[in-house]
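One chain comes next, on its own, written out as structure tokens in the form predicted alone.
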């Protein structure tokens, strides 16, 4: 498009009190040849917006540079149609609210930001939504026909879309078929599972197709364009779908590994799963003699919250134990139930059921089992009672029930590890060993993806497939594939229903946005996608290996094959490419490079250093905004450049900036890891790895390594921003000015 640019400066919110507007108008005209540059005291008001609209209608302005508040606010106010380019320059939070008003350095800061905004707008092109040659499908595949799968399919159907269920068993129901009763809100009683009615709703719904005794043999394609081969009853059916929900549930942790708690050693030590099956099949009996139990002990966290077994809590086991204690009492009101627990986790309204269980006469003991044995055909245990502060012994136990944990029925991306037993010879440096194949951590493949990056969903540390558990529940690291129910995390049936509904809504959002060429989370609505100049590609495979979302396959010659509807527009591939052949129409290596080039770098004798800060737009940028809102102050010598993700950082930017005389470069990115995740999974981690390789560039330029630093910044770390900047400024002062100034 032929651009007609206009710059609009807001003087409200203290901006006009902090900087002089006229010099900015002059530089816009002189340096960028933009004749339309106007100011308004309240640019986001109807009058301010009308000022811009008049120039669009009368002057043909189609590229609008808004110099006002943060781009994170007023996005709807400053939207002038899909055929207009809008670039935002943050003069409020990053200048007026964080710097001394009417100061020379504050003015220079504002002018640099306007230069950078004009440069970026000049290089930007309108993104053209990707439209595949094939017809998009809006049908949604649900793998798994248990409570989560059936609920998700019904919610999809209620919204007017078609759902396809693939269930490996010969009938629907999943684990619900093995349950006698459910505990559900308002948590005052036990309720029927509702399985028959649920299955009837599914089978009677014309928008739901069901495959039983079926497995997914192969999944190829991408969101909107998935092609799924389903093996069922000796034949193979093929379905075209737009999104996938994996609801394959969970498997119990292997109780054979709990010999220390008596499982496999004593017949009357069983698991909570085995007791549930007994209850639903006619009654609870002692395996040793078939008699009804009179004294029953439930041991909570059996192999859970234990570094040698399952390090996490399965969350639902406490409620299950309370439910099963009710079964015992229902079968024999004179029976006695003991519950040995570490912590009772009955969250929210579920506390009501805990109180009811206490009133029913069940005996709760907070403690840890130390020994289990058998005398005269009955079991006994010894335990440390935390409340009494002494050892206790329970005798004449007819049945001991182990609350084993829930393991997701997914294939871990990497072999999971657990704490090594004492004396293990194959332990690694951290004292960990690989989890044995019979541990329950492994399951049969469910999706069989034809992705270069692997046939199943990538998983986190304990085998749960996730993307970003803080901000993006349901979403996995494979775009358009969502998880629901206990494969995503352990949960009770009430939460499973909520979870399946959420996953269904996400899948619907995906098929709708994909058809429009838009990205899904976290850059929802982004119309850009990566474009590659294959003529210059060296087949180094960096982009395919580093893409966090499996959006790039390879052909037989190792050329990258981009799948635009899988792409989340993070730009990691752009940062990875050493030949710089990958770009977006509104985000590219050249574009950011030109923004760096227009920064005014004073001469050494002026003693005004320049610090370039590459900022992750997901966490660090909002943290800086919040610091500005709090009116925190920081050095006027820093210049922030937001990046889609630090994974998109191309090292050429650092080399170019240092060779221009920039004194230091600071990277502010997300914390990475399982406890606090990068929004694009590996972005900050990749940036750290790339920075470890920058020493060669610094040595070539004869510069100190201290001039480049990476800092992890969470979205709530706004209070750290001034200190991080001050510490880095002190470091730059120690190493001195960049010797390349003036070249």
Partner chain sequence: MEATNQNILVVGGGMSGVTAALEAAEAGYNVILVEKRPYLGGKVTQFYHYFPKLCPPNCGLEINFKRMKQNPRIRFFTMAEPVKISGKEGDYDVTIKISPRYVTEKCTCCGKCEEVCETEIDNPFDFGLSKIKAIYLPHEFAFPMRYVMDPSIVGTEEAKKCQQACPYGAIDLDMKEQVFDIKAGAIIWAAGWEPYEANKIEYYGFGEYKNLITNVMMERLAAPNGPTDGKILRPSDNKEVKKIAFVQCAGSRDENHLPYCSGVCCLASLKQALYVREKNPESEVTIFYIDIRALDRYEDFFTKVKQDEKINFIRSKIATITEEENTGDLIVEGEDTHKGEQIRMKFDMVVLATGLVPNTINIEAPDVPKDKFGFILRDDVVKGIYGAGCVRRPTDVATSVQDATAAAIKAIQSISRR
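In this text, the rigid core denotes the largest set of C-alpha atoms whose superposition between the two forms falls within 1.5 Å. Residue numbers count along the first chain shown, from 1. Not measured: the values here are computed from a predicted model.
Here the subject shifts to the form predicted in complex with the partner chain, a form of this protein not shown in this document.
In the predicted bound form, residue 540 stays away from the partner chain, with no heavy atom inside 4.5 Å. Taking non-hydrogen atoms only, residue 679 approaches the partner chain to within 4.5 angstroms in the predicted bound form. For residue 41, a non-hydrogen atom is located within 4.5 Å of the partner chain in the predicted bound form, even though that partner is not displayed. Interface membership of residue 521, defined by any non-hydrogen atom within 4.5 Å of the partner chain in the predicted bound form, is confirmed. Contact annotation: of the candidates 502, 593, 602, 642, the single residue with a non-hydrogen atom within 4.5 angstroms of the partner chain in the predicted bound form is 502. Here is the short version: of 209, 84, 608, 305, the single residue with a heavy atom within 4.5 Å of the partner chain in the predicted bound form is 305.
Contact with the partner chain in the predicted bound form, judged as any non-hydrogen atom within 4.5 angstroms, is confined among 210 to 218, 554 to 562, 530 to 538, 385 to 393 to 385 to 393.
In the predicted bound form, the partner chain lies within 4.5 angstroms of at least one heavy atom of each of the following residues of 292 to 312: 305, 311, 312, in sequence order.
Annotation: Cα of residue 76 displaced by at least 2 Å between this form and the one not shown, core superposition. For residue 243, the Cα coordinates differ by under 2 angstroms between this form and the one not shown after the core has been superposed. Fitting the two forms on the rigid core leaves the C-alpha of residue 96 displaced by at least 2 angstroms between this form and the one not shown.
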